[in-house]
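Taking the form predicted alone, here's one chain by itself in structure tokens.
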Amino acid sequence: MAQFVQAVVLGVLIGGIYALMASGLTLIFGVLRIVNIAQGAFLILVATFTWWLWRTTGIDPILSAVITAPLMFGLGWVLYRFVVRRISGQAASMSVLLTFGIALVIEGFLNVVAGNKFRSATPAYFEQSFRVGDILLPKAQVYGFLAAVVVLGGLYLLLTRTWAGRAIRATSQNPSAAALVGIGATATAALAFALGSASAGVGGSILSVLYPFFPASHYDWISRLLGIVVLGGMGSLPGALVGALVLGLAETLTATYGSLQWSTLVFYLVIMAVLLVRPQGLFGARLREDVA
């Protein structure tokens, strides 16, 4: 029983971190209808910068999110205003091609400046754990989970309690009606893209501690994030949370009672089973195309 509880607790901790990483991707799609394939590359870019910052200054990798999040917010805003905006309103395939190109540029940049090597930040608490009865809670996962909860809570408050958040939600639900009441589509889209990028700023800092990475790791991460978003429903933040928890539990339970190498397969089998019943995902809205 203790082994099962241990696996579930670890799954929830990891799932919370995955939820933070996926929140940016689903927010950007919900407002802009853009599939940001570069989100995984954003994570690896931030992880590499966090690792460098930790090695040169000793700043705690997770705490360095207070630096990386604003930087990624600015980068996201600039990318939208000068690059992504040009494909606004075009087919989804254009957004996939453009953001995949951005991901390749980031990968090439990291290969040049950082080298094609596996890296991981290992602060003093990396191998330490909290003990609660028979349950061991790795400090790195706990700190990463707490950071994710704080950021997700802040994002929730921003989207529900501020005018900017209401503008983002209105634009995601009905862009035409939002424009009629004076909500600027370009400014709102830029803000959504910047917020989605900022979430990668925090997620990448956490990733640098929990997982080894190298420039091409972004392929693995974007596949995970897309799986989470598709399972939960494209554009649904609650769906991203549920999808992330499913992935976290699939990893830990499979690793506990089977083999870790099968965990990703189990997750995608769950996605297939859900999509057979609900093609729009767990929390996704049914579109006319789905009905037809």
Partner chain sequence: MLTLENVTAGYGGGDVLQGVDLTCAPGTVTCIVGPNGAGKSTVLKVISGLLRCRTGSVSLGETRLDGLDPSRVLALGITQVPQSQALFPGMTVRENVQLGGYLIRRDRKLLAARYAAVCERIPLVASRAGDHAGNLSGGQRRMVEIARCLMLEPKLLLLDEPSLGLDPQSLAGVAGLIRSLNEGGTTMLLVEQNVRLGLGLATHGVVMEGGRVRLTGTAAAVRDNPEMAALYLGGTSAKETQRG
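Numbering follows the first chain given and starts at 1. Predicted, not measured: the structure shown is a model, and the values here were computed from it.
Note that the form predicted in complex with its partner chain isn't included here; everything after this is about it.
In summary, among the residues V113, A177, A91, V132, the only one with a non-hydrogen atom within 4.5 Å of its partner chain in the predicted complex is A177. Using a 4.5 angstroms limit between non-hydrogen atoms, V181 touches its partner chain in the predicted complex.
Contact check for Q173: a non-hydrogen atom falls within 4.5 Å of its partner chain in the predicted complex. Shown alone here, I106 lies farther than 4.5 Å from its partner chain in the predicted complex, counting heavy atoms only. Heavy atoms of R169 reach within 4.5 Å of its partner chain in the predicted complex, making it an interface residue. Looking at 216-224, 160-168, 69-77, 133-141, the stretch with residues near its partner chain in the predicted complex, meaning non-hydrogen atoms within 4.5 angstroms, turns out to be 160-168.
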